[in-house]
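Below you'll find only one chain, the form predicted on its own, shown as structure tokens.
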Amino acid sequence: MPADSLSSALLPAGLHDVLPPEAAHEAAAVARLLADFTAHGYERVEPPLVEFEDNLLSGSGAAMAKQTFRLMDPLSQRMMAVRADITPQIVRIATTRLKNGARPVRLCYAGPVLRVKGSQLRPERQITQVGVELIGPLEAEADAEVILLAAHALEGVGVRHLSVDLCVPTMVARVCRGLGLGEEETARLREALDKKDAAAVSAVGGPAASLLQTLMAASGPAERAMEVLSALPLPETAEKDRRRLTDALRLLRAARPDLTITVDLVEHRGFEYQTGLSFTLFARDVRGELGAGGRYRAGVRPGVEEEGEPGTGFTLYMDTLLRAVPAPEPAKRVYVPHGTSWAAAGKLRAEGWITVAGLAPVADAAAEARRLDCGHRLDGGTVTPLT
């Protein structure tokens, strides 16, 4: 390839073209996911790719500030931001344009996001997100609904060996507060727990060390973790988290006793703006998470739980999801020679064929069909497989 062609094909790190057939594969998976969400009463919205910076990065959106590209709007002379996550936009829609709508509000969405940098597990900077938000209800039934919907939709597009990892990212802070630890000590404990460093937890945990070590060790299969959690003498400040986790798991087991569920009692990373029960979705032998979600307060500053509306939802990451979905069957492509009537080709399309029309006469129709990646050709009105 000439040097100038190579230069024009070069893209910034973390960005890439999605080519055939992967682009069609992704589009079909997105369509099936959205159809499943819609069948459960979620209505689709499409927020813009770019918004004013102060709107996009307010409330829960502040958590994505370091990952957000910014630019100047030449019309308004105000700073704008390219979305790095769609959830804050859905929250904005629900709490402004749909403020007077009946609760609960069920919304779904799909679209690309752009981030300043990728991570070790996800080096891509532009990814497609698909998800739902359920805003208004506080009941455990809402938590169960979104988790069950995520599992149903993922299995519907072909994901196998799905597992759900539940966590309550507020539990550690509430335990520490209930036992009299300050913010600095709690932050150090958070760091130790994120690393699953039992020695560090013991060294900096003070009166919370033993309890937090037990919580950390209990993380794993849901029933075993909950058996340990139910027997622990938690401070009153953490009782709400224990009750919500217990109630949600009971509802999940009643609906899906076959679903693989684990519980991490000290998880916090990636859930900085969540205010309650949260979860991550995985598939066996697939690198990275398929999606994540959880509780938050809609239309509120982070950490001010008394304001705003309760909300929960999840986001699926299509780059990871497609690695867990079987590749589609090869398309049925038929070469339609030059001169074939539009009606004849239309009849083939109605029968499920993808028609590739010849635009000029050729000496060897079979060779032309192969060149255009067709497995069949139309010959005298009959579809003939290539040998």
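Being a predicted model, the structure only gives us computed values, none of them experimental. Heads up: residue numbers just count along the shown sequence, starting at 1.
Note that the form predicted in complex with another copy of the chain isn't included here; everything after this is about it.
Considering only heavy atoms, tell me if residue 116 and another copy of the chain come within 4.5 Å of each other in the model of the complex.
-> Residue 116 belongs to the contact set for another copy of the chain.
Looking at the partner-bound form in the model of the complex, is residue 327 within 4.5 Å of another copy of the chain by any heavy atom?
-> Result no; residue 327 lies far from another copy of the chain in the model of the complex.
Taking heavy atoms and a 4.5 Å cut-off, does residue 63 contact another copy of the chain in the model of the complex?
-> No.
Give a yes or no for residue 39: in the model of the complex, does one of its heavy atoms lie within 4.5 Å of a heavy atom belonging to another copy of the chain?
-> Yes, residue 39 is a contact residue.
Is it true that 23, 43 and 80 each have at least one non-hydrogen atom within 4.5 Å of another copy of the chain in the model of the complex?
-> Judged in the model of the complex, 23, 43 and 80 all sit within 4.5 Å of another copy of the chain.
Among 268-276, 198-206, 163-171, 250-258, which stretch has residues with heavy atoms no more than 4.5 Å from another copy of the chain in the model of the complex?
-> Careful reading of the contacts points to 250-258.
Check each of 291, 299, 104, 178 and return the one that places a heavy atom within 4.5 angstroms of another copy of the chain in the model of the complex.
-> Flagged contact: 104.
At a 4.5 angstroms cut-off on non-hydrogen atoms, which residues of 321-338 are near another copy of the chain in the model of the complex? List them in order.
-> The stretch 321-338, when checked against another copy of the chain in the model of the complex, contributes 333, 338 at the 4.5 Å heavy-atom cut-off.
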